[in-house]
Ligand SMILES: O=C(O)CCC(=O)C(=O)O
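Next up: a single chain in structure tokens, the form predicted alone.
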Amino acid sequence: MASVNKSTGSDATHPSSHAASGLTADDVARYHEQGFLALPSVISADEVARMRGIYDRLFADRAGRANGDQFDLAGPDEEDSEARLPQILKPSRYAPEILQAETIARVEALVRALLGPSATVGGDHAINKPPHQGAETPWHQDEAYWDPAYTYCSLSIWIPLQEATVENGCMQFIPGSHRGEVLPHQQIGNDPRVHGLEVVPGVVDVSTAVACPLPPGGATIHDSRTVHYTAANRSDDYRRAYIIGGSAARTPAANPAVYPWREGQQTTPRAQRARHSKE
């Protein structure tokens, strides 16, 4: 797969395309140059409180577990073990009121400002790092999870629902890493039972990493190839993050890569729940 600056384009940098988002031309240029952007305020304090109430309810109910949408991202996801990094895919499926939120309108404006007016929003998930024992999310690229038969023009918007600090696991990025290939990955700890992926240790130089602490309701935005990380949660509270994606149309890859790590997963408990939910 050829290296491309997937997110640039004349529509994405036209002033009228980002006026509603609150982004400046410098913000847009910095995103395309660095592969990420940190914004101190995206949603209001009232919206943070509303979203946090929905978020905490979903995790308390383990929403989506029977369908395979709630699982441990960093562990084997066995019923008798405590999750180290609980995740819910498609939380808006289990709480449709999310889609009527101020959050979605803000995200739509940001996505179109950065990827162009035809870009769309979709694919939300939530990650809830438990206090003191919430595992790190190792260095990885989002695109490593996806089908390499396509070339993507995609981003993720990560919104903390409390202060995000280095201590509790704010986002960290390798500037410019979105311009390279998808790096070799493996399951976290090289354990095939684990759903989460990590860049193979030693492959990426993390000495230039930039940490992005944020107040509640701020956001980071990153390209699907930007290498990123969050530390373990060493604080006294959960570290709540709501993540939603945006993309322009994907296209077939001219020379599709092969991702061997996609074939090696043995995430049996989650797969069994998902299969039973369809029977």
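The first residue of the sequence shown is number 1, and the count goes up from there. A quick note: this is a predicted structure, and the numbers were derived from the prediction, not measured.
Missing here is the form predicted in complex with the named molecule; even so, the following discussion is about that form.
Enquirer: In the model of the complex, which of the stretches 220 to 228, 41 to 49, 26 to 34, 56 to 64 has residues with heavy atoms within 4.5 Å of the named molecule?
Expert: Looking at the partner contacts, the answer comes out as 220 to 228.
Enquirer: Can all three of 125, 158 and 241 be found with a heavy atom no more than 4.5 Å from the named molecule in the model of the complex?
Expert: All three within 4.5 Å in the model of the complex.
Enquirer: Using a 4.5 Å heavy atom cut-off, state whether residue 90 contacts the named molecule in the model of the complex.
Expert: No, no contact at 4.5 Å.
Enquirer: Even though the named molecule is not shown here, does residue 178 get within 4.5 Å of it in the model of the complex, heavy atoms only?
Expert: Outside the cut-off, so no.
Enquirer: Can you tell me whether residue 199 touches the named molecule? I mean in the model of the complex, with a 4.5 angstroms heavy atom cut-off.
Expert: Residue-level check for residue 199: no, no contact with the named molecule.
Enquirer: Even though the partner isn't displayed, in the model of the complex is residue 193 close enough to the named molecule, meaning a heavy atom within 4.5 Å?
Expert: Flag for residue 193 set to no.
Enquirer: Let me know the one among 115, 188, 107, 171 whose heavy atoms come within 4.5 Å of the named molecule in the model of the complex, would you?
Expert: Only one listed residue qualifies here, and that residue is 171.
Enquirer: Taking only heavy atoms into account, state which residues of 131 to 146 are within 4.5 Å of the named molecule in the model of the complex, ordered by sequence.
Expert: Residues within 4.5 Å: 137, 140, 142.
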